[in-house]
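Shown below, as structure tokens, is a lone chain in the form predicted on its own; questions about how it binds or moves come after it.
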Amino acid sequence: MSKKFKVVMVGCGHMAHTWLEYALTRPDTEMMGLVDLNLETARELAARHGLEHLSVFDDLAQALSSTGANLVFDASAPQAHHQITHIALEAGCDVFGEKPMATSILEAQSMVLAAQTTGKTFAVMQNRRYQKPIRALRTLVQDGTIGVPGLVSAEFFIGAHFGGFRDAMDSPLLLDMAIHTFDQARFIVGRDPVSVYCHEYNPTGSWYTGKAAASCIFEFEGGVVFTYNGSWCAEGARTSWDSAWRVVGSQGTAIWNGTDVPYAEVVADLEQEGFLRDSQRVEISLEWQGQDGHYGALDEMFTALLEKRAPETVCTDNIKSMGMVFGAVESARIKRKVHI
């Protein structure tokens, strides 16, 4: 019997393995072909997963016309996302793509318009939303445990020696990594960004050509302020890759170190008088039952298609996180506050 989802994968590098492994777990999904500019890379990916029978291509349009695919996985390099998404959408395919959506806000807007015009789904991978601890933190913030949130802060300090293209980027932290943290901030507080002021710099001792550190102040809807302080060339005392978080509300504070179970400290007695009020700790259990990371995000994308609704990270939502990235880059360039 024919399977519902017929998938062509574009980009057969390191990240493609996770996408392909996930697809092979779904009984309703069939891999139809692999696309990469280097055909040998595509063949190696197929062989590693026992899929030597798969057709390989160096051209997406040809792959789609030859296989009859209805869904494209885009795990290519960011600079290729714009072209790949347009080709796939205009061929009548839905698209699930890796982050970042695009390399400029104009490209992102064009991709959103293409999805709206074709009526197809274009969703973007934001795997760091799909973890039990961040879901628990979001619950602490949005269920009123700490009152009305007013301040969110995230600190990210890791000395990452990648080598390769990141070392040569103009804004490696903001363009390649901060999208995760910015998207998480939107997810945690359930608000969208309004403006940003960003100072970007390259600390002493940095091995990056571009500016590998940044401090940002975002204003969200409703007056919520989100501050981000990060560096990709910070040796020692590393934070989690998911940052260290503090969310301050009108009645307490939620804390997550990016690894362990989050918790809150809230005012014990709102009627108490005096200089400092007593607080009490609030624990929360990890109740979310979804899969972690890419698998959780892909579960949501496929479920949305089956239920004929927009996925959580549909392009019309994800472009707001992209707006935070490009707004921060522009603010750093002109040294002024930028409206998003």
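None of these values were measured; they are calculated from a predicted model. When you see a residue number, it is the position in the sequence shown, counting from 1.
One more form of this protein exists, namely the form predicted in complex with a small molecule; it is left out here, but the text below deals with it.
- Only one segment in the set 257-265, 195-203, 137-145, 81-89 has residues whose heavy atoms sit within 4.5 Å of the small molecule in the predicted bound form; it is 81-89.
- At a distance of at most 4.5 angstroms from the small molecule in the predicted bound form, all three residues Gly13, Ala75 and His294 contribute at least one non-hydrogen atom.
- In the predicted bound form, the small molecule lies farther than 4.5 Å from every heavy atom of Lys120.
- Contact annotation: Asn127 falls within 4.5 Å of the small molecule in the predicted bound form, judged by heavy atom distances.
- By the criterion of a heavy atom within 4.5 Å, Glu98 is counted among the residues contacting the small molecule in the predicted bound form.
- When the small molecule is considered in the predicted bound form, Asn70 lies well away from it, no heavy atom lying within 4.5 Å.
- The contact with the small molecule in the predicted bound form, taken as any heavy atom within 4.5 Å, belongs to Arg166 out of Arg166, Arg246, Arg191, Lys132.
- For the candidate set Ala310, Ile284, Leu51, Leu37, a heavy atom within 4.5 Å of the small molecule in the predicted bound form is found for exactly one residue, namely Leu37.
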